[in-house]
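Presented below, as structure tokens, is a lone chain in the form predicted on its own.
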């Protein structure tokens, strides 16, 4: 079928549905919801059999839904309506939640129901739930709805609040007043719930260090206590604030009135107010942990759940040091676990945008990424595995391929390209790694593409070696089984010897340093050259500047129109 996606943004859920439906053989085109006229034009150009709205912030024009079946993906259980579905579910401590696929009509979220799917709600942030449970449920529900639509004889169910299976209700947009934290009375779980209900958007408005700020990225503290509301410690990028029965760590803040009004590490935003705070070292029981190491038998596991998968210069440096330390251990296999939401998305664009010199910080960041990648590539003492629990993008994909093996959870989406960020050339030794693992032809195909990729395609191209496990927990458990087996196979020594001989041969043919020099020469032009495309694209990304048009890479229906325009 010809399916048109009408969506506010090409976000993680939209990309996952795009990949899943393509793999089923459907023709998919995407139109970003810029205004009514453009949406209507897209429908006229593409003449879709079905329209799917994975992520919308406003109603579909009646000129469209009156003429076409439009399936809206709503992140709520049957009967739930309103723009803050997941926010309310977290705040109200719903144990089960879900996704409903309904047909657009004149009343928002009140159309006939084509499919739904439910899940157990973890105690996690809204953003984490959206990327994992909500996305998985949306895939199940949308694929069922598409199958039912194709059958031609399915009749969707009208929304009926008298049905006991319809547990949802119409709720208004959740306000800052309803999320407001009272530090004198709210316990730790309440504070966590309020901030998690607004992470990553819009954040919880609060006063901290004498300023009105938005709070994000919160985690419970295990042992520290203090006067409720007081800042009592700092750890890495985070600050610790006391509650009535404990404390929470706040990793990121946003000052809408500052020179840089976007999310940044908390210690950077309120640096002047925390210099006297004690700085603690994170461990299993206390502190803000964004890097940690553990061992099981002959396998070492290195975790790095960086917020939104962004890796700044300092984070890359710390991760490199932790990796070098792990390599000194008497183990056989090192598994790079990343985090449950992201493995890595490459450079930290927010920190670069906030730097005194964005070009200089970009240069330092990419060099720190390269330093880390080289340590992984040049490891002679261990077999290495990149275990992708969550999505990876840009340099993060190629950093993963620096490992001997790449294992990915089945629902993971990869974006192995830089070009959408102002035609960045990219580094992380990708010009060595891609031909090495994917072959020259596939390497060129990967470099040209600007589209998301599922693990099935990634395996066919050599970016991924194995995929398994739908849920994060199941994937992590199987990773441990496979890694233990890898460390214990009789052929381990022979495999390690072969790996080192091949690396020696590759180095003799063309040293890693040469690849790095060539890549960084291109990156230097991106950062310091006359073409400002990278700096403009980064600014637009960080400041969330709305798109003025849909990229032709995903708007297939506009390619022909664009070619005809150029000819005329």
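What you see is a predicted model, and the numbers here were worked out from it, not measured in a lab. Positions refer to the first chain, counted from 1.
One more form of this protein exists, namely the form predicted together with coenzyme A (COA); it is left out here, but the text below deals with it.
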query: Interface residue in the predicted complex among 242, 108, 421, 403, criterion: non-hydrogen atom within 4.5 angstroms of coenzyme A (COA); finding: 421
query: Candidate from 97, 430, 288, 342 lying within 4.5 Å of coenzyme A (COA) in the predicted complex - any heavy atom; finding: 342
query: Distance check, residue 379 to coenzyme A (COA) in the predicted complex, heavy atom within 4.5 Å; finding: no
query: Distance check, residue 393 to coenzyme A (COA) in the predicted complex, heavy atom within 4.5 Å; finding: yes
query: Residue 544, heavy atom within 4.5 angstroms of coenzyme A (COA) in the predicted complex; finding: yes
query: Contact test in the predicted complex: residue 200 vs coenzyme A (COA), heavy atoms, 4.5 Å; finding: yes
query: Proximity to coenzyme A (COA) in the predicted complex (heavy atom, within 4.5 Å), stretch among 267-275, 188-196, 304-312, 317-325; finding: 304-312
query: Neighbours of coenzyme A (COA) in the predicted complex among 334-350 [non-hydrogen atom within 4.5 angstroms]; finding: 342, 345, 346, 347, 348, 349, 350
